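Just the one chain here, laid out as structure tokens, in the form predicted on its own.
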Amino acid sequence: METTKTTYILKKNLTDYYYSVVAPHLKKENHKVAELRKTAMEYFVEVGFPHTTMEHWRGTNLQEVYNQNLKIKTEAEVYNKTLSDIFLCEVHGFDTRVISVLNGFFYAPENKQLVTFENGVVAGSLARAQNVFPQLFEKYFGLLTRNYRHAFTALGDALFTDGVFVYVPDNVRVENTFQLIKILNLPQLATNTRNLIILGKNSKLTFLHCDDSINHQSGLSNTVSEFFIGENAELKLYKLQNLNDESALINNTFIKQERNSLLNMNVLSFNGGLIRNEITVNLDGEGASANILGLYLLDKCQHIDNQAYIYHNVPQCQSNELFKGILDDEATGVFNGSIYVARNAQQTKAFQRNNNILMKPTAHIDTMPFLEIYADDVKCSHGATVGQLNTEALFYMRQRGISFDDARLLLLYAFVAEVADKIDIVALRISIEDMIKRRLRGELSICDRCVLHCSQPAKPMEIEIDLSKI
């Protein structure tokens, strides 16, 4: 896109930005992408930004985000630095292939914008890939986002500047984890990015998506991701969200599973002024299985909104959904979980659970698990709980010489461990467990270099015991 001296504001000049900056360059893009941009912008013009009078946005008010006069960049920043000079994220003992998006644009040297590895795996810039691999884009891009649920999904299609493209060919099992690091380091910036990840038949991929801040400036990150999991393929998907209290994150993830495919997904939210995760999983092949776990630990005036939609479209599929949260101070949360079982989707197994602990009366959570079943040979259940720490267990532990703070920490950690223990990459699980412990102590926040604080080995939890009480 060409440089322009005009400053485009998210709330005020969005249509001007599209017609002045995006539309003139549609002829240079893959025609499937160009058509999708047009359709998406028409939808946005018709419906406008989400607001609290809309059913699925009643619990999440974005007015403060709109009032920030967030700016949209028309071209990438030029830095004479490596990624590690800007942001250093190193999980001790965890080797990954890092791909990064900085301020809405893929960040890598020109010769590494799109890389094809020896095993045929392709990874790099989405903007570059649409012209290098037009057949893949014709087949997959926009297939899952056609029926827009709200304007931010449409904006991801209409205004995306760049994003990540990953293609794993048939019968290729990728051993190293691909780690996407998304960074905002400019003030009052709004970004729209798009990701497309394709797994062929009998393939395997582990994908770690990190949303990070490296300052305390306000911003909005809107991401739309499509994942296609082929027959007998396996995807392990981890999302780590740790942003400053002034930032807003809108994360829309669409997943399509074919026959006998497996999805293991874990969404971990540690910090962020406002976070909204929308997860849509389509089980379109018999024998497909999806395990979706979520953990959110929020305090102050932070807000989390998790929306999960699981569609059992064919017989003999199963899904397991578990979200757990701890909210302190005046933090607020929303959980809407929906499981849909089609009329011919017999022998479906679908389970959904949301458990929450409110540390103070000022914290608040709205939770609504939902089942919509049209088949009769199914096993489905759902449930939700909201409560406080077990005072009897706390008293029991204190009577055995454990201090109040340590007893409280142990109970909270036991509550969230059901999610953390499902991380099957040992080095990552150890780092996440350490982050959870620090977060529960109130120690974890963004720093100048890395929000994860994980470049050093995790320290064991130390519990002091008063032997005189035993």
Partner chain sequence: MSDNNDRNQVINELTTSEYKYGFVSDIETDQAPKGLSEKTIQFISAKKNEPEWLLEFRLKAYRHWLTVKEPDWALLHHPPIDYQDIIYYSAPKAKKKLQNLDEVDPDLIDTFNKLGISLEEQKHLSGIAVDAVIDSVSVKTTFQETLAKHDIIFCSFSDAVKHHPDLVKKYLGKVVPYTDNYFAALNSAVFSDGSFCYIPKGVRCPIELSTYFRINAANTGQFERTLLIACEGSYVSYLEGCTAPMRDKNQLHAAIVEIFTMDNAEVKYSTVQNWYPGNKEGKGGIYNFVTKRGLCKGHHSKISWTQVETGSAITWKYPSCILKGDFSVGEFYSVAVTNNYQQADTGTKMIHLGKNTKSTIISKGISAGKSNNSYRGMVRISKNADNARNFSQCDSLLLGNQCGAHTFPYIKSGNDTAIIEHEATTSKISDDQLFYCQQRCIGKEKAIGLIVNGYAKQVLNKLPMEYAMEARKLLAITLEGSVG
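Numbering follows the first chain given and starts at 1. Bear in mind the structure is a predicted one, so any value in this text is a computation, not a measurement.
The next section is about a form of this same protein that is not shown, the form predicted together with the partner chain.
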item	value
Options 313 to 321, 135 to 143, 214 to 222, 386 to 394; stretch whose heavy atom lies within 4.5 Å of the partner chain in the predicted complex	386 to 394
Heavy atom within 4.5 Å of the partner chain in the predicted complex - residue from I198, I365, L293, A127	I365
In the predicted complex, the one of C301, V98, M359, L262 near the partner chain [non-hydrogen atom within 4.5 angstroms]	M359
Distance check, G273 to the partner chain in the predicted complex, heavy atom within 4.5 Å	no
Distance check, G285 to the partner chain in the predicted complex, heavy atom within 4.5 Å	no
Heavy atom of D424 within 4.5 Å of the partner chain in the predicted complex	no
Close approach of L186 to the partner chain in the predicted complex, 4.5 Å, heavy atom	no
Those residues of 363 to 392 which, in the predicted complex, come within 4.5 Å of the partner chain by heavy atom	A363, H364, I365, D366, T367, M368, P369, F370, L371, E372, I373, Y374, A375, D376, D377, V378, K379, C380, S381, H382, G383, A384, T385, V386, G387, Q388
